[in-house]
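Provided below as structure tokens are two forms of one protein chain, presented individually as structure 1 and structure 2.
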Structure 1
Amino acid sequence: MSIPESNGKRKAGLGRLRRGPRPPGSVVVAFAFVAVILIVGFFGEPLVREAARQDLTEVSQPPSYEHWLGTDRFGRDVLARMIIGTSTALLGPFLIAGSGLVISALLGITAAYLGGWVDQVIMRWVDFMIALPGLLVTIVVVSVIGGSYGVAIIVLSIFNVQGDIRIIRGAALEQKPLPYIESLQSLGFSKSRIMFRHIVPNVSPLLVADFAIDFSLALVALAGLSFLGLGSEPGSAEWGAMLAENQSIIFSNAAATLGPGFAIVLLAVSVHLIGDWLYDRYSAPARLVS
């Protein structure tokens, strides 16, 4: 039995290959930067752990050949600490964005396809959560419970997903009346198979774009919480915490503050650029490679 395809063609999801224009230079640079960050996050920490140790004879030193970004007020190498904090900078936003991708796909497509009371329950919950000031609630919860990085991730994940559900629901509603859905229904395919085997691939470019936006926003939010002394342990090599700690030495070693700040901005912008480019490339009708 043949399975009908979307709009009479094969699915246009990210799993299908097609020729297209090469990415612009800014996206190539973004890919390269993210690749470097991933390599550093996975393999960099064991290589620089010794360099990050405290040395009170090298306090607040400006950049030099030995310390490329100088040292902080405890004599620790700033670049080495940034490398150690890279895995934390990647893990938290990835968990928040990943949970948003999975939950928005499950609830958004379910609400759109089933409709009725299921749609009403899901969307009224979404409306209620959107009405709450997510970041403010996160600050209050983390302050009351304690400055736990895990708690910050959980609370931000809860408040992050609401907008994504609305967006994916809208995209799924556009798919629902298309002929391929009617054909699948007439052939007796189950609702779950139609939703998650056929609708999901056709909204996958939007899911990827949402993931990139969520990652960037989560990175900035977690850094902001750490800057306020929330969500990270005191003295930890977290980029936001390093920003706060190194404010006092900005005139003796500005790189100690600018380094983590630029890392946060560049990573957020790079992921955002990649997500936008992937959406633009794969959301158009696919041109399949024969």
Structure 2
Amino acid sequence: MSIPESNGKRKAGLGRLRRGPRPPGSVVVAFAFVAVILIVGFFGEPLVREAARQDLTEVSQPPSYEHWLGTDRFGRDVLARMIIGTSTALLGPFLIAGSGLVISALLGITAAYLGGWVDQVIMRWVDFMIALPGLLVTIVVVSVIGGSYGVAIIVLSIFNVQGDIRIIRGAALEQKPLPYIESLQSLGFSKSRIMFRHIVPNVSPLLVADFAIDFSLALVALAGLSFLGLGSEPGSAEWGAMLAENQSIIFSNAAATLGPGFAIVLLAVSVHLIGDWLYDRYSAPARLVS
């Protein structure tokens, strides 16, 4: 079987990232949105603390010039509260996705490369956990132990990791039998060097995409928990909790629920889009027309 001999003088890796084709419009918008959210998350809170205070004279007002998204049951400006809740909305998912990234890289690659009983043990655990409906179990666990933000994050992290491990392990298994890895073995490099200096860079696009998807899912899961009244301090400006609180005033001010709701969806979608795009960019092989 002949393999194309063409001299593709393309540069790979970071070089490609810097001067590749422009991202499609949707991804640009996604980047912009995430940037806005990040800025709001870091700097927004002090600016709106005033507006978020209770004002019982302006209860459940629909959107107006003064209150862009109206007010809630206690007269608090909805948009202001959303801004306050931004940092929470970012922190939790980031921790969950981050821990997923680190642990899955470690365990997934180790399981794939070392094989044997290490692999068996890890995969038994993974297969078992994957079968469980994570959020449901989290609901039960959090309610029995006692709900709080920290507990929710830890439990969700535990349930999130499995899917990642399986994916990373799969990717590492694809790399493992390749000649370049075997050549490294034959040249006498240590297992850990091969795993972390060589396999990791070759599965990194997947790690990035996974992080993005995990972030989206965690965002939605955490919001779901606080919607049910679990996993966050009562009265905090968490988006999910706001949705639940304001469901009762949906007739007077629908924006009070739709606002935080759309914020959740848009953030989840944006991160997802960015993750997909980065994956395509980084891992697409050069295409040859033969």
Partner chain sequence: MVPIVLFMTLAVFLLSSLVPGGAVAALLEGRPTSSAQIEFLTAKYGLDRPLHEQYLSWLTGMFRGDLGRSFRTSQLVTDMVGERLGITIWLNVMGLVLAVAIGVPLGVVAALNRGSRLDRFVVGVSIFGSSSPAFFVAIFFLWLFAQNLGWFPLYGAGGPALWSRLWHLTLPGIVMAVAPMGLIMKVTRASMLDEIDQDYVAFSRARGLRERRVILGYGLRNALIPILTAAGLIFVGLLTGTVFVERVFGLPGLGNMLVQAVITSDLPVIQGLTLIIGTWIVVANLIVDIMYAVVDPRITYDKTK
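Here, residue number means position along structure 1's sequence, counting from 1. It should be emphasised that the depicted structure is a prediction, and the values quoted were computed from it without experimental measurement. C-alpha atoms forming the largest set that superposes within 1.5 Å between two forms make up the rigid core.
The chain appears twice here, and it is structure 2 that represents the form predicted together with the partner chain.
Once the rigid core is overlaid between structures 1 and 2, V220 does not reach a Cα shift of 2 Å, moving by less than that. Relative to the superposed rigid core, L184 undergoes a CA displacement of at least 2 Å between structures 1 and 2.
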